[in-house]
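A lone chain, given as structure tokens: the form predicted on its own.
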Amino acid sequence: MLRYITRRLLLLPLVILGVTFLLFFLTQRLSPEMRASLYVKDPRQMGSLEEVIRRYGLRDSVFKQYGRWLGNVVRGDLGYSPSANMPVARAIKEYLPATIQLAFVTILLVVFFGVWFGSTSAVHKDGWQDIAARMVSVGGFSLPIFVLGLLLLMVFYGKLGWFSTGGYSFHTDMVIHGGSFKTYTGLLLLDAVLNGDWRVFGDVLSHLVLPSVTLCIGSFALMVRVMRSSMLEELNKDYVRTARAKGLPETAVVYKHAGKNAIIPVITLASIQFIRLLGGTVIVETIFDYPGIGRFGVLAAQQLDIAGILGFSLMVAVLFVIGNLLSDILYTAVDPRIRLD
């Protein structure tokens, strides 16, 4: 396994180089004048664009410019983001914890309900439980996420007023920046627990409900379908029939023996879904005005923030490669028959 992990880690820089160069090449389709205007903060400076172009070497070859940007990245300098009005590295540090928090809550809901409904559907194949689970999964998978988000926003925020948008309320903002609240991890739910401030915990959690449920529905539907198919396949294998012939309880046969093997595809799906969520839930964060990394990516794209776009893309590429590696390693923990060579 160590050899496999080492090989994958050695491939990591190549993947990052490929992704970032492709994006960097696409940004070069903008004229030097357009890219130079991003460095101008005062409209009166627009007449000195040629000086900006010469200063930053915007007419150099794409390879030279990419090498210069890559050298800055190695030193930890991802550039300055005009859309966030701060360095890109600092913007990622500030926005990413909110998305990690949202992704973690969402994936817990997805895995718990997806595995439960998928297993129940497979065990009661063609029964009313199976039919209901399939109807819910097909409906959830077919419903566009932006439609579901807008419906939840309209009903539970606009009509009933049960939940709020954004990351937290004004009161929580005053507590966080008041000096008495200590930030340990940047994850407000966890920091609220560590500070023993349950009012902040409840407020942050209430702001997570609508975006988490919106994200959960589509992923949950896919999780149910995958878990159901995997469980049905395992229940028809010889070792399951042998376990039943030995007189083992049905719950032990289903959840201890078949379930352990059936959950392997779920691990792959869950890890991919989690990394996708970390990469930024662009639509949901925009709908609910959630202060996550996805919204930062949207702002960077809308304002032609090249440094922000490249920094966001670099972060997503790294997360996807590392996430896929971790999911492969988890295989061996779930099923000892699997070996990574």
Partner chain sequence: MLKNRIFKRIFTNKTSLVGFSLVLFFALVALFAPLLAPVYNQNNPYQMPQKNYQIAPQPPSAQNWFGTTEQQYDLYYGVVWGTRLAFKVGVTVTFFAFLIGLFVGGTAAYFGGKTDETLMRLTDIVFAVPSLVLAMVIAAMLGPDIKNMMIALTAVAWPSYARLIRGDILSVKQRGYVTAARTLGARGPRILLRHILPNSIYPSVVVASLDIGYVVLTAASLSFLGLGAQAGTADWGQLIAMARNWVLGTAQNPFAYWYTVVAPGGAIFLFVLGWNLLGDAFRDILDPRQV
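Residue numbers count along the first chain shown, from 1. Fair warning: this is a prediction, and the values are worked out from it, not measured in the lab. So that the term is clear: the rigid core is the largest set of C-alpha atoms that superpose within 1.5 Å between two forms.
This next part talks about the form predicted in complex with its partner chain, which is not shown.
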Residues V175, L205 and G323 all lining its partner chain in the predicted complex, heavy atom within 4.5 Å: no
Candidate stretches 132 to 140, 108 to 116, 209 to 217, 250 to 258 - the one whose heavy atoms come within 4.5 Å of its partner chain in the predicted complex: 132 to 140
L153, heavy atom within 4.5 angstroms of its partner chain in the predicted complex: yes
Partner proximity in the predicted complex: F146 to its partner chain, non-hydrogen atom cutoff 4.5 Å: yes
Close approach of K159 to its partner chain in the predicted complex, 4.5 Å, heavy atom: yes
Distance check, L11 to its partner chain in the predicted complex, heavy atom within 4.5 Å: yes
Stretch 296 to 314 - residues with a heavy atom within 4.5 Å of its partner chain in the predicted complex: G297, V298, A301, Q302, L304, I309, F312, S313
Residue shift check between this form and the one not shown, rigid core fit, K125 Cα at least 2 Å: yes
